[in-house]
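Form predicted on its own, single chain, as structure tokens, below.
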């Protein structure tokens, strides 16, 4: 706050003085007194008189009204237009991206000063013309900056988490994306204001800006240049005012950039510069039928090496009150299956086949509005890394309240009370204090508990947990697993738990699905699958587990690249039991006990 104090005080004093010019006891800034032209400091004129005998101090203050008014108005208009175009282009992609960026490119094709001179020459000098032309000049800078920043945050976990809560696109852009890119935009605004002051002064100096006798700093510099040999101070005062204003604006916006981003200051501060208003969304209908069933789901991605299918003919189901674990190495398609279920796939990823039934509706056929009504209300997701899934520039309590009010008509007080209740429920100590902190001020375990509280905000009937304990130590991991087990038992919600850890599966899950290279290779009750696996990959995973009798028995090789899958069984290159028969693509068979296995040599290997 000390860093922001001086530039803020200077800019505030300058702006307030300019606004209060009509109320100050100043001489008339356009009244000429030829008898005292070029006079030095004198009674009533501490800075002297100019070439026409006009009071220099009065003209400096009144000139600030014109110069700063043009600069702030043009920068604000450019910021509004440019940020809007950048948000649309960076988020919408496709046609929206093409239209916004091409419009910006057209403006950038013209040299700025020449374009300004052309427009002012055609429309005539004046403050209104200057504001318009400067806004056109600086809007592309805001648009390109915003576009780049949106691209950098649109795929972050905390943006996906807000989408998973069911927030609309305008809400995501204004409440999540825009606050996280506000720092660079503020810096760009400071540069635009400073540049606008300079350009206004330059055009006024050339006689194409503010029209005399209205005072402006550019006109004062123009007049001072003609008499600099006789009265050099007449050139010093407007140049000094211009220089100090530009420096103060840059210092102020640099400090504001850090102030609105709690990550850039120690301790997070006691207050935020930017207050956010939380609009409510209409509550979604609440159907009664629980359960999720995925049938023959396939997902494709176009790559430079061809089309790949990271999720290939996946079918699974989970019932109310049941925990289904999805296990497999990285790249097996676990997370993409979950994201496809939630409708959170990147635009470059598409579902090409399958059905996802939830409460009698196929989620794959719903539009974004219907999906938003379900996300965060009936279906909720717990992401792997809470540090990236939580919005870093919002207090944790505000994010919990947002999740509550997004799907209910609860007022701010009721939503805060509910957030406190949720924090107590998930075991967060001192919940009143924790509601007011930022994510970086919490430990990893506390952040994960906060993510779970957010997921439970609206009593969902299905929870999707994407490796929620991966980044936690063993003690905190055990606490989180116990918490999830208790919550599932208390709420009766279905839980899909994505993990690498077989020990976690044994502790928390009822059913398990084992995936490899985009396919399900085995599924069934956890106890049966772990006791008597029916696929070599499952057996290899169990043998490689740190809790096995032979922890050194790793799986040779790596998961094959999806654009270069082996013929037949995808696990064959790493399987100790592979033969020529494995060159035939295996199908997922239903076994006598209801389990499933995808292995052509299952009977020979396992009996």
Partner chain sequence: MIWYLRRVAISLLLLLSIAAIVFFALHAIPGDPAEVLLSTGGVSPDAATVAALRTKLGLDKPILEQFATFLFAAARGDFGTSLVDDYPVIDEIALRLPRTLELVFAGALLAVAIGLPAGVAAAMGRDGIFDRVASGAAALLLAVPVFVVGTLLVLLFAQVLRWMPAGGYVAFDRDPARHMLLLTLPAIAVAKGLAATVFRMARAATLDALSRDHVRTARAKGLSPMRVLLRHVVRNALSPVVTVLGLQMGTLLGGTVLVEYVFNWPGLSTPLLRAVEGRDYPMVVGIVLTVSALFLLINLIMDAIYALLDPRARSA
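What you see is a predicted model, and the numbers here were worked out from it, not measured in a lab. Numbering follows the first chain given and starts at 1. Rigid core (definition): largest C-alpha set, two forms, superposition within 1.5 Å.
Note that the form predicted together with the partner chain isn't included here; everything after this is about it.
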Report task. Have a look at 318-326, 417-425, 232-240, 350-358 and name the one stretch with heavy atoms inside 4.5 Å of the partner chain in the predicted bound form. Result -> 232-240
Query raised in the report: Can any non-hydrogen atom of residue 123 be found within 4.5 angstroms of the partner chain in the predicted bound form?
Result: yes
Report task. Determine whether any heavy atom of residue 534 comes within 4.5 Å of a heavy atom of the partner chain in the predicted bound form, and answer yes or no. Result -> no
Query raised in the report: Looking in the predicted bound form, any heavy atom of residue 154 within 4.5 Å of the partner chain?
Result: no
Query raised in the report: For residue 76, is any heavy atom within 4.5 Å of the partner chain in the predicted bound form, or not?
Result: no
Requested in this report: Would you kindly say which of 403, 464, 311, 130 lies with a heavy atom within 4.5 Å of the partner chain in the predicted bound form?
Outcome: 403
Query raised in the report: Among the candidate residues 146, 188, 201, 337, which is the single one with a non-hydrogen atom no more than 4.5 Å from the partner chain in the predicted bound form?
Result: 201
Query - Residues of stretch 342-372 in contact with the partner chain in the predicted bound form (4.5 Å, non-hydrogen atom) - result: 342, 343, 344, 368, 372
Query raised in the report: Cα of residue 444 displaced 2 Å or more between the shown form and the other one, core superposed?
Result: no
Query raised in the report: For residue 386, is the C-alpha shift between the shown form and the other one 2 Å or more after core superposition?
Result: no
Report task. Classify residue 333 as shifted (yes) or not shifted (no) between the shown form and the other one, where shifted means its C-alpha moves by 2 Å or more with the rigid core superposed. Result -> no
